[in-house]
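Just the one chain here, laid out as structure tokens, in the form predicted alone.
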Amino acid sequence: MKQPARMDLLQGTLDLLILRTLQGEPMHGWAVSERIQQISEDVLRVNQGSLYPAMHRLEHQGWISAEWGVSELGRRARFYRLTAAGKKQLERERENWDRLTTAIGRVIELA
């Protein structure tokens, strides 16, 4: 069976996916990546080379915070959580996403 093509994510899209994934509960980076892959039914795969720089950027922006904890495998890991500023940013990102996808849909339908 042919594997579905992997989709590269634009930086802003990855930020939106990370923020949305962390909306539910704090998670360590690997769990965020796995959750995105699971929910997208293996269409979206976020590699560590993209994930961790994005997480650090979001932390620097004040949209997520991190603290050390122990993962389900008993390993020390940084757990990330959405901040109040991150919740507001997620709302803005979702609005932007809705506008963008609506505009793209119009072009596809009319082109």
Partner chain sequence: MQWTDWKLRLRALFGRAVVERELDEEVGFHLAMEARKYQAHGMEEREAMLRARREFGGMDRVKEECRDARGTRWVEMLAQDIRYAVRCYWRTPGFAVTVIATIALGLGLNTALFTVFNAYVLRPLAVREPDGLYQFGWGTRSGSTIFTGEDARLVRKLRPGFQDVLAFKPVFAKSGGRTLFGNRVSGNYFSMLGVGMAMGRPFETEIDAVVLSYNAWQNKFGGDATILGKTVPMFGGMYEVAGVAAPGFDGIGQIPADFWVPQQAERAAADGGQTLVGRLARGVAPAQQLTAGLPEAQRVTAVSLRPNATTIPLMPETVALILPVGLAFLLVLLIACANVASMMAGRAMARRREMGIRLSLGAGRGRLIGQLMVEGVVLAVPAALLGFWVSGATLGMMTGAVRSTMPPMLAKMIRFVDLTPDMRVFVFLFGAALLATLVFALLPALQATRPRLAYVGRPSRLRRGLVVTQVTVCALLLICAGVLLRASGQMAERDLGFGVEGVAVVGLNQPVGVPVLEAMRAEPWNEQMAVAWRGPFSGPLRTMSAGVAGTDVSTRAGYNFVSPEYFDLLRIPIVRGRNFSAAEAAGEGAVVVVSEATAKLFWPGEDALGRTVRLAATGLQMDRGNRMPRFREAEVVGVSKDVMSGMVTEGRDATCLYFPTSGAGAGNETLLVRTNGGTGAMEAFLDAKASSSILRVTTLEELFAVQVYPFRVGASVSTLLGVLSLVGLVPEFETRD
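These numbers were taken from a predicted model, which means no experiment stands behind them. Residue numbers count along the first chain shown, from 1.
The form predicted in complex with its partner chain is left out here; the points below concern that form.
Contact label in the model of the complex: residue 78 to its partner chain, heavy atom within 4.5 Å: Result yes; residue 78 sits at the interface with its partner chain in the model of the complex.
Does residue 72 reach its partner chain in the model of the complex if we count a contact as any heavy atom within 4.5 Å? Residue 72: contacts its partner chain in the model of the complex.
Answer with yes or no whether residue 48 is in contact with its partner chain in the model of the complex, where contact means some heavy atom within 4.5 Å. Residue 48 belongs to the contact set for its partner chain.
With a 4.5 Å heavy atom cut-off, would you call residue 40 a contact of its partner chain in the model of the complex? It does not: once its partner chain is placed as it appears in the model of the complex, residue 40 has no heavy atom within 4.5 Å of it.
With the partner left out here, if you bring back its partner chain in the model of the complex, are 21, 26 and 94 all within 4.5 Å of it by some heavy atom? No residue of the spot touches its partner chain in the model of the complex.
What residues, if any, in 45-59 have a non-hydrogen atom within 4.5 angstroms of its partner chain in the model of the complex? Residues within 4.5 Å: 45, 48, 49, 52, 53, 56, 57, 59.
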